[in-house]
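Encoded as structure tokens, the following chain is the form predicted alone, with no partner shown.
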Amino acid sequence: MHTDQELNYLTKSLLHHPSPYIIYELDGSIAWANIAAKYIFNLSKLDELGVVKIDDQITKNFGDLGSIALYYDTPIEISLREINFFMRTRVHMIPVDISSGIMLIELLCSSRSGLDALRKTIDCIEHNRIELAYQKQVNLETDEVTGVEALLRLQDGEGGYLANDEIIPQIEGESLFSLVVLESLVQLEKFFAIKQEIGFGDATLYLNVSAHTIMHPEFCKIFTDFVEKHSLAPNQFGLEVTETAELADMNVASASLNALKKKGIKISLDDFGAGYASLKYVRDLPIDVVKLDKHFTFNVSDPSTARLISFVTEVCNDLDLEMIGEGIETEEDKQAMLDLGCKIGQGYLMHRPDFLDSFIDKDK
């Protein structure tokens, strides 16, 4: 079959595929996009979309059998009209002749609801409708603020916000963290600019990131550059690592986390006890904080749950790790967690998430 015929067959077969696909020429241009890709980017013409950065090792190793699958799953930096952001992708090299080729880029998505979520998120980035709300983490004995978690909020364009419980579960698996990293750091700059004056000078400000995000060198550099740019002292900035199922390569994970820690970035293992977050990570990774999943707090009155919390407390004490209990909503929850040795907590009892302006107003 002739090369043009092969490409024509490929594009026709992928035109209605549920995952977004684009064909990227090595000169940086987009040669083709399927219906799903045009939908999530709201494209009226192909030159509105471009690839800013892709790992050059992919092209250097084109045709090398030893490179198979090495760059199959990688984030790329995309330009869309006036904005840039990262997306998690799978890159497929398609040969055109014996020495060159094109890249078929699959933008990870598994469902129509996922496509809708990606489109809404990208639209929020493009129209400056991403915000961060902040929730305090406090010492349950002294009420001292020890940390602040930055929580993503997406405006719906009509004066309200997209429902977190509907959109975030959809886009967590569809590259949410990669998409919003750059814009989230822009928002965090505003917090750090007034962090001292609003009384959080000694608190760690945490941003949620996926395990996949922190394991990729591009993102490690983005975070470490952020610390250097703002001359942040050790433990002023932290990352709460989610989606720990993706920490499959412990050597890569450990190297990434150590690189972040060397720059003074505090590492918290989020949702411990739920899903894939396990004692193996506590043992083998250079983490600083274990964040107990809120479902443990919700069931703290259950004797077996209480024993598990007590066990995690002992492990953290033995390994000199900080432990944070999420989801504390009543005085009874707070006292029960204290009785079990958990001294730092987060939840509606102590503080509901607020936007930055509210901290400034309260400070006045």
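Quick note: we count residues from 1 along the sequence shown, nothing fancier. Note that the structure is predicted; figures quoted are calculated from it, not measured.
One more form of this protein should be noted, the form predicted together with a small molecule, which is absent from this view; the next part is about it.
- In the model of the complex, none of the heavy atoms of Glu332 sits within 4.5 Å of a heavy atom of the small molecule.
- By the criterion of a heavy atom within 4.5 Å, Tyr348 is counted among the residues contacting the small molecule in the model of the complex.
- The small molecule in the model of the complex comes within 4.5 Å of a heavy atom belonging to Asn164.
- Although the partner is absent here, Pro353 sits close enough that one of its heavy atoms falls within 4.5 Å of the small molecule in the model of the complex.
- Highlighted residues Gln135, Glu149 and Phe177: every one comes within 4.5 Å of the small molecule in the model of the complex, counting any heavy atom.
- The stretch in contact with the small molecule in the model of the complex, judged by heavy atoms within 4.5 Å, is 205 to 213, chosen from 205 to 213, 250 to 258, 227 to 235, 117 to 125.
- Lys294 is the sole member of Lys294, Arg88, Lys195, Lys266 with a non-hydrogen atom within 4.5 Å of the small molecule in the model of the complex.
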